[in-house]
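Okay, so here's just one chain, in structure tokens, the form predicted alone.
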């Protein structure tokens, strides 16, 4: 009896320590976002006077949001980022899921080497090839187009997406697929009607992991699509940052508005995302 009580106390102590660490990490991760949001609702004077304090009657101001929405093409920047992100996610999910299905289900010469080759793409940063990518985009006549960004981001997102989806597809029972084949169901129908619904948590995980780097990226929009009318949110915000003077009200307001899509995506797919992460952890 005493041994059981000791074990329970040890388990409770471990749980408390783990939750304390996770809570600390959460606070550290969310605090910068909290600072951005509260300072977005302050005047310039209020930001520099008390950057850590909440807005009050003296410091509260919506000047930053007014400048962003009235004096910039924020709607266009948002639309460009949204278009590039959504198109990229759709292409990555479709191609990655089909490639993962082929690698996990069919055995052919070079299967292992192909999987290893795709895994190398996770380890090698795509920015190392920026010069070659820029030359290729120029030769294709795609400079200053959203298509250039989509192609680069698809290449960037595919290796990790294929790796995650392949691991999940290995967990699907073979009996389920064989039963469908015995009923005369074709491979395409098995893939779209049986396999994809079973890996929804993995699909949600891949969608989030694909979206965040694209939405936050500044490097490729700066070198591939810096022209007027093709700027993304991260690049459009730069107009408020000058060499000598920075309009912090507008910058922080822009960043606050840019956070909204990521929060919405998380709220929509949070349950699937958690299931996907925990399933991968169990494996």
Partner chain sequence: MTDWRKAKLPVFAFLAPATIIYTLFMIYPLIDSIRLSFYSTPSGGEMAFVGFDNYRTILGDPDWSATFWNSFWNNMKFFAVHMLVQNPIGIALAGILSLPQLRFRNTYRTMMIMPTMLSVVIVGFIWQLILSPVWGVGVDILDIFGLKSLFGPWLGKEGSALITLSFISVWQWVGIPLMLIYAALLAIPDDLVDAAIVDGATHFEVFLHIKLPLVLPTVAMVSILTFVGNFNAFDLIYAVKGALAGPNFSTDIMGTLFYRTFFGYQLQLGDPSLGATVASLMFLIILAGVLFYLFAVQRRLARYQL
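Basically, rigid core = biggest C-alpha set you can superpose within 1.5 Å across the two forms. Everything numeric in this text was worked out from a predicted model, so none of it was measured. Positions refer to the first chain, counted from 1.
There is another form of the same protein, the form predicted in complex with its partner chain; it is not shown, and what comes next is about it.
A.B. asks: Using heavy atoms and a 4.5 Å cut-off, decide whether 140, 170 and 212 all contact its partner chain in the model of the complex.
C.D. replies: Yes, the whole candidate spot contacts its partner chain.
A.B. asks: Hey, in the model of the complex, is residue 250 touching its partner chain, heavy atoms inside 4.5 Å?
C.D. replies: Answer no; every heavy atom of residue 250 is more than 4.5 Å from its partner chain in the model of the complex.
A.B. asks: Looking in the model of the complex, any heavy atom of residue 88 within 4.5 Å of its partner chain?
C.D. replies: Outside the cut-off, so no.
A.B. asks: With heavy atoms only and a cut-off of 4.5 Å, decide whether residue 84 touches its partner chain in the model of the complex.
C.D. replies: Outside the cut-off, so no.
A.B. asks: Does its partner chain come within 4.5 Å of any heavy atom of residue 32 in the model of the complex?
C.D. replies: Flag for residue 32 set to yes.
A.B. asks: Could you list which residues of 184-207 come within 4.5 Å of its partner chain in the model of the complex, counting heavy atoms only?
C.D. replies: Stretch hits, in order: 187, 188, 191, 201, 202, 205.
A.B. asks: Once you line up the core, how about residue 53: does its CA shift reach 2 Å between this form and the one not shown?
C.D. replies: Yes: residue 53 shifts by at least 2 Å between this form and the one not shown.
A.B. asks: Core aligned, does the CA of residue 231 move at least 2 Å between this form and the one not shown?
C.D. replies: No: residue 231 shifts by under 2 Å between this form and the one not shown.
A.B. asks: I want to check residue 33: does it shift between this form and the one not shown by 2 Å or more at the Cα, with the core superposed?
C.D. replies: Yes; residue 33 is a residue whose C-alpha shifts (by 2 Å or more) between this form and the one not shown when the cores are overlaid.
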